[in-house]
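We begin with a single chain expressed as structure tokens, specifically the form predicted on its own.
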Amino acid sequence: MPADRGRPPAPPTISEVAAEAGVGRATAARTLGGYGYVSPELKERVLAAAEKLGYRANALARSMSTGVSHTLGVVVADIGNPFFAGMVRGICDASRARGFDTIVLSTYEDLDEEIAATGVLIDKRVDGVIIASAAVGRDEVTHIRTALKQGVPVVLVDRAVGSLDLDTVVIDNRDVAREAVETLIAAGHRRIGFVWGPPVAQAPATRRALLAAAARNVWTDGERLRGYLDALDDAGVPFDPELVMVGPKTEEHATEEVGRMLALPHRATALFCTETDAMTGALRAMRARKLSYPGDLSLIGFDDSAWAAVMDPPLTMIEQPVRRLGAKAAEVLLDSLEGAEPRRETHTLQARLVVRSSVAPPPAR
């Protein structure tokens, strides 16, 4: 029967590599699997035969025999987001430098997707997992506890989860948010909008209710809100719930909410935008009302990027050490895999306020 010319040739097997090298199959398997003793002479013959035949080891099969895959799993909200893309780059660079590959999965801030992604990584026999988790309550972390029970170490990145005692790598969200709002207050602003707050249907009427709502959502959002409130308190600026965006965390809703803040009888004169989409929503709302910054409205945002620097005028932004954030998370996890005792502590990196030209005194009334 003629061979199927459309079908690619089967990859070489360990038995074929052994035959080419003139050694037993067990010797070839130990060499290619990286376990057990093989003399230098035989190892060289096996590796030469493998290269000649184009043999590629089955990583999953090797991990099942050795218990080590040299692979880290990474779970993030959205790999398309520049923040998470930069963080993943840091993880990959640090992992590669120490001989580890990475598998990255996105969850789109969906806890069910996060649970499924963690299960996939455990099934892939990764050696450890780094998670930017959407979990908040104690009843939402079963998947992480399951990984730990199965001997898979976990490091949290970007977000702390209060019910978990794990190594966590974050930035100083609260401190740098306070600094940003203090900068607006120092310029003379007292009507400062916060974009965006908790994703609740109705705006909380009190500070206590607002913080309680924030505590039920992603940790970073709550920390930035606390920094905003800290700065208001320190300066004696009254808190006004009308100046805090709530509801869906989308650019479209940010546009609506900023429009609402600008239509108030005593409107916002400055905005602190805590995400890139919040800032673009704010800019759209301003454009719709033919307002400009910083003359009509001062702006400070999170997640500095190249586009913020080339805006006219350039935007004052908070620069997060995104690659270092990812690299540190990888280093902490890899250290534990190499025998270091988990410290179960929060590793806090400093963000930086990059002052440009989007802040000025409020317009005269």
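Take the two forms, superpose them, and find the largest set of C-alpha atoms that agree within 1.5 Å; that set is the rigid core. One rule holds for the numbers: they count along the sequence shown, beginning at 1. These numbers come from a predicted model, not from an experiment.
Keep in mind that the form predicted together with another copy of the chain is missing from the display, and what follows is about it.
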Single option in 287, 98, 145, 266 placed near another copy of the chain in the predicted bound form, where near means a heavy atom within 4.5 Å: 287
Single option in 50, 332, 315, 29 placed near another copy of the chain in the predicted bound form, where near means a heavy atom within 4.5 Å: 315
Partner-proximal stretch of 158-166, 72-80, 192-200, 217-225 relative to another copy of the chain in the predicted bound form, 4.5 angstroms, heavy atom: 72-80
Exercise: residue 211 in contact with another copy of the chain in the predicted bound form, heavy atom 4.5 Å: no
Another copy of the chain contact at residue 270 in the predicted bound form, heavy atom, 4.5 Å: no
Contact test in the predicted bound form: residue 305 vs another copy of the chain, heavy atoms, 4.5 Å: yes
Another copy of the chain contact at residue 88 in the predicted bound form, heavy atom, 4.5 Å: yes
Stretch 98-114: residues contacting another copy of the chain in the predicted bound form, 4.5 Å heavy atom cut-off: 101, 102, 103, 104, 105, 106, 107, 108, 112, 113
Per-residue C-alpha change between this form and the one not shown, residue 46, threshold 2 Å, rigid core fit: yes
